[in-house]
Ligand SMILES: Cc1cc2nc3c(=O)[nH]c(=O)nc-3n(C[C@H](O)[C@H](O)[C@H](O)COP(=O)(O)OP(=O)(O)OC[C@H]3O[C@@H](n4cnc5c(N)ncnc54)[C@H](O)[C@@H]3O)c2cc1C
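Coming up is one lone chain in C-alpha cells, specifically the form predicted on its own.
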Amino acid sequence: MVVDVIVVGGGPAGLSAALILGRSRRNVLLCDDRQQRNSASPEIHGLLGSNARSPAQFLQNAREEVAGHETVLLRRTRVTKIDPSDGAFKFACADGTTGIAAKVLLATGLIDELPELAGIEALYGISVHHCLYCDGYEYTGKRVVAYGKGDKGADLAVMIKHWVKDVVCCSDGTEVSEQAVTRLRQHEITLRKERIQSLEGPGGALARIHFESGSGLACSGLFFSTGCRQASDLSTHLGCKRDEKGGIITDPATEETSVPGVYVAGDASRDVLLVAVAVGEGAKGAVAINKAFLRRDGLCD
C-alpha cells in the first residue's frame, strides 16, 4: 500500500486531520486501535456544538464523516512500526498491513498514570478526573478531593477552589511542605494526610474515601495530579525530540517534528489537553502537510 499520509490514531486529532486531508484529495490511511483516553467518560465537555455528547457518539459520527471521502481509508488496527525509507516512511500494522507513506501524522495521545488506589478503575472518567477544564464545572456546590503526593495535591487543591468551594486535599500518607500547608489554610482547604485504603461509589459515582486509619470522607469527585505518559513509542523510535514535559516538539513554521516529514497533533504534543484543541491541532497539522505537498509540486511558495 502506498499513501500520501498515514495518520496514527483515530481520536479527535487524527480524525480531524484525516477529514482535512481527505478534502484536500490526499490519499490517507488512518489506523486506530480505539484506545482513546476519554473512552470511560460519559460526556465530552468544553467542545462547542458537542458539549455533553458522549465520546463514543462523537467518534462514531466523526468516523462516518471522514469515511465519506473516497481517498481516506479507516482501518481498526495498531501501527507497530514506522521507519524512514528513501525520503518516505515504511510502516507496519498489527493486522499485517504494510506500506509506504510520504508523510506521517502522529495523533497517538497520552495515557494517564492513575493513582494506585483500590476501586479507582470503576470511577475513572465518571467521578475521578485529570482535567479541571473538562470536568470542574460539573462539581459546583459539591465536595471534591484533590489527590496528589507531596505538594502536588496541595497545588491542585488551591487551583480547584476557583471551580469548587468545598475542597479537601489528600496527600495519601506523604508529607506536605509548610509553605503548601500555609496556602491551604489561606484558602480554607482541609488537608488529610492519612494513607487512603480505597474509593467507594455505586455506578461509577464516587461517594466515599476510606482511610487506613479507619476514618472516611464523603465526597462527590476526585481530581488527581499524578502525571501521564505517551501512549505510543513510535515518536521515540523515529527520533522525535521531546520537551521537558515529555511532549513532542514541533517547528512553529512548518509544524513538523524534529524528523522531517513527521507531524504530531492532539494530546501527544502535551499542549492544552482538550478535545476542542485536539480537533484544531489535527486540522492545523493537516493543512501544514498539504502545504508541504503543494510546495513539493511547485504549486505554492
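These numbers come from a predicted model, not from an experiment. We number the residues from 1 along the sequence you see.
Form predicted in complex with this ligand: not shown, discussed below.
Engineer: Which pick from H237, R34, K245, K241 sits with a heavy atom within 4.5 Å of this ligand in the predicted bound form?
Structural biologist: Of the candidates H237, R34, K245, K241, R34 is the one lying within 4.5 Å of this ligand in the predicted bound form.
Engineer: Of V275, V262, L29, V66, which residue is found within 4.5 angstroms of this ligand in the predicted bound form when only non-hydrogen atoms are counted?
Structural biologist: For this set of options, the contacting one is V275.
Engineer: Tell me, please, which stretch of 153-161, 180-188, 97-105, 130-138 lies within 4.5 angstroms of this ligand in the predicted bound form when heavy atoms are compared?
Structural biologist: Selected stretch: 130-138.
Engineer: Is P12 part of the interface with this ligand in the predicted bound form - any heavy atom within 4.5 Å?
Structural biologist: Yes, P12 sits close enough to this ligand in the predicted bound form that at least one of its heavy atoms falls within 4.5 Å.
Engineer: Would N38 count as a contact of this ligand in the predicted bound form, using a 4.5 angstroms cut-off between non-hydrogen atoms?
Structural biologist: Heavy-atom contact with this ligand at 4.5 Å: present for N38.
Engineer: Would you classify V8 as touching this ligand in the predicted bound form, given a 4.5 Å non-hydrogen atom cut-off?
Structural biologist: Yes, V8 sits close enough to this ligand in the predicted bound form that at least one of its heavy atoms falls within 4.5 Å.
Engineer: Is there a heavy atom of D172 no more than 4.5 Å from a heavy atom of this ligand in the predicted bound form?
Structural biologist: No, D172 stays farther than 4.5 Å from this ligand in the predicted bound form.
Engineer: Check for me: heavy atom within 4.5 Å of this ligand in the predicted bound form, for each of V79, G109 and S232, yes or no.
Structural biologist: Yes.
Engineer: Residue by residue through 198-218, which ones have a non-hydrogen atom no more than 4.5 angstroms from this ligand in the predicted bound form?
Structural biologist: Heavy-atom contacts within 4.5 Å come from no residue here.
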